[in-house]
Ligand SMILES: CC(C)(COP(=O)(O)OP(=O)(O)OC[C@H]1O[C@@H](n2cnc3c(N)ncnc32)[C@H](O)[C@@H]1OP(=O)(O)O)[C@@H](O)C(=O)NCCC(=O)NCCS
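First, one chain by itself in structure tokens, the form predicted alone.
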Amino acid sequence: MQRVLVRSAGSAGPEVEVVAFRLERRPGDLAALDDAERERAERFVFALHRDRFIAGRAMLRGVLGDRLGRQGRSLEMVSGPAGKPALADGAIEFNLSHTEDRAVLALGPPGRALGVDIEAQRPLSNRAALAAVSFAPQERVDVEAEVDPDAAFYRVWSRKEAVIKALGAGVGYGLTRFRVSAGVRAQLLGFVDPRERLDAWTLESLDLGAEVAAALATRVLDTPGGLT
């Protein structure tokens, strides 16, 4: 398990903890889940997917329980309008993402929405077609201008997914309604919606190895003029 502390929302902002781990099922993981999660696990057709789900939820509950000094299985989870999981009492903000056998979990204080994303990087034969439906026009130009357009594509993709998850709105919000950078430095460059203030946001790349692209987005919920 890899643990990283990320300073978010400026040097005065609180630290966000990022925990990266492998989705490898361990003895006792199933018992760490609540009844609804165990029922969901039983519906997976393939054992590999079932085991990865169980491992991810067990790690999530274990880390949250450890930070709160509670039994992980006793934590009550709820879902937002777009299905984003949260603790019912809001004691910690968190977000979880996974790709293949890799996962990353972000944890932070209440009042700060989090979005984290991790993407396995594979060679792309349809990069332009994927970008055409998911990226803003300037993002498509920026991706193709990079030395390694495939790597740039995954940087943009992970950053946009992290922002969408921090919004809690799901992909129905529209991936082209905001723009992020394609270069090594992560930047949130603007929103179509003028109510979203850039000073409420922090966007950062996470260095979790060359085989994945990962990003963390944080958003202050009580900033005047920002969406809530």
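Each residue number is its position in the shown sequence, starting from 1. Since this is a predicted model, take the numbers as computed values, not measurements.
Absent from the display: the form predicted together with the named molecule. The rest refers to it.
With the partner removed from view, the residue among G183, G62, G190, G170 that has a non-hydrogen atom within 4.5 Å of the named molecule in the model of the complex turns out to be G170. Checked against the named molecule in the model of the complex, the candidates G83, P123, G90, P137 yield a single residue with a heavy atom inside 4.5 Å, and that residue is G83. Interface residue remark: R57 is counted as part of the site for the named molecule in the model of the complex, having a heavy atom within 4.5 Å. Under a 4.5 angstroms non-hydrogen atom cutoff, the named molecule in the model of the complex has I164 among its neighbouring residues. Put simply, L175 is close to the named molecule in the model of the complex: some heavy atom of it is within 4.5 Å. R26 falls outside the set of residues with a heavy atom inside 4.5 Å of the named molecule in the model of the complex. None of 194-202, 65-73, 28-36, 156-164 except one has non-hydrogen atoms within 4.5 angstroms of the named molecule in the model of the complex; the exception is 156-164. For the partner-free chain shown, R40, F53 of 28-54 come within 4.5 angstroms of the named molecule in the model of the complex, judged by any non-hydrogen atom.
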